[in-house]
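First comes one chain, alone, set out as structure tokens in the form predicted alone.
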């Protein structure tokens, strides 16, 4: 059960007999094979009622809602199948232990920088001269080992990401100018793609965490806050280079997106419905890709790697087994 379904049309999602049906504003009816679904992603203006929510809950299917400007708005999650008071207690203990929390935070930043560096290395081997960025990322990896606080770890991660984003304008083709990360709202085509992709990574991580007994609001790198799943922010940092950024590079370098896929108004640049469909299709194909896992000794999908990461953290908290964050190995 690992299929995601993205709904871009406006209309209504409802239960129809033993399946879920989308009725668009044009009265077109589409049926979703819910038995294989992991989650529904609602991008359009969608109505739904408690009957369909109960049905999705019975089948363990999450529903992630995206609002204006492509931002993740929230999730309606199925009733927890995995609950463990012991896990939550150990999560809180690790958060309250400054040394323990700092160790997990440093490990997350270290893995995040490794995965950024893997993308830089890929293009450095393809006639781009990116040695200075590789050196900068190597220095950040050295710095993170001696970070004495979570705030310092966040600063190292931010410095690494600025250096990493510095290569985007060298890699991206003419017509796609980045100029640095801007969001809320994104100010150009590249930033709109990154914002949308990162929202998809975040929502998928929320689903992955939900499959464990971890509490998504108790985190280590990002501060827990109101109305957000901060543990999803922690783990999403590891996968943004592998998922969001690689999809952005592929789509624009292959010419699969044009000016018609973006709307620019009121100092914001957002993907159109067609643009979101193109991005989501490539994103889902990436999640479905498989790779031989060196520890599991079998092929796993990229999407399953998200769940593996949540389970690794849970195991660390419960057993003390060292937590080694996800680092791309292929």
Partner chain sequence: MSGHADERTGETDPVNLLLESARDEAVESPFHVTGVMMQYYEVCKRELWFESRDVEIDRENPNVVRGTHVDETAYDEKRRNLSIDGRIAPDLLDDGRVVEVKPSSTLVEPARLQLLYYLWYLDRVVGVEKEGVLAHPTERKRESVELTDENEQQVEDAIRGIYDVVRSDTPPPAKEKPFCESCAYHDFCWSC
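The model shown is predicted, which means the values in this text are computed figures rather than measured ones. Positions refer to the first chain, counted from 1.
The following text describes the form predicted in complex with its partner chain, which does not appear among the structures shown.
**Q.** Contact label in the predicted complex: residue 19 to its partner chain, heavy atom within 4.5 Å
**A.** No, no contact at 4.5 Å.
(Q) Is residue 23 near its partner chain? Define near as a heavy atom within 4.5 Å, in the predicted complex. (A) Judged by the heavy-atom cut-off of 4.5 Å, residue 23 is well away from its partner chain in the predicted complex.
Q.
Is it the case that residue 55, even though its partner is missing from this view, gets within 4.5 Å of its partner chain in the predicted complex, heavy atoms only?
A. Residue 55: no, not in contact with its partner chain in the predicted complex.
Q. Does the 4.5 Å heavy atom contact test between residue 76 and its partner chain in the predicted complex come out positive?
A. No, no contact at 4.5 Å.
Q. Here the chain is shown alone; which of 84, 191, 119, 230 has a heavy atom within 4.5 Å of its partner chain in the predicted complex?
A. Selected option: 84.
Q) Judged by heavy atoms and a 4.5 Å cut-off, are 29, 49 and 51 together in contact with its partner chain in the predicted complex? A) None of them does, since no heavy atom lies within 4.5 Å of the partner.
Q. Counting only non-hydrogen atoms, which stretch in 84 to 92, 103 to 111, 247 to 255, 144 to 152 is within 4.5 Å of its partner chain in the predicted complex?
A. Only one stretch passes the 4.5 Å heavy-atom test: 84 to 92.
Q: Between 289 to 324 and its partner chain in the predicted complex, list the residues on our side with a heavy atom within 4.5 Å.
A: Counting only heavy atoms within 4.5 Å of its partner chain in the predicted complex, the contacting residues of 289 to 324 are 295, 296, 297, 298, 304, 307, 308, 311, 312, 314, 315, 318, 319, 321, 324.
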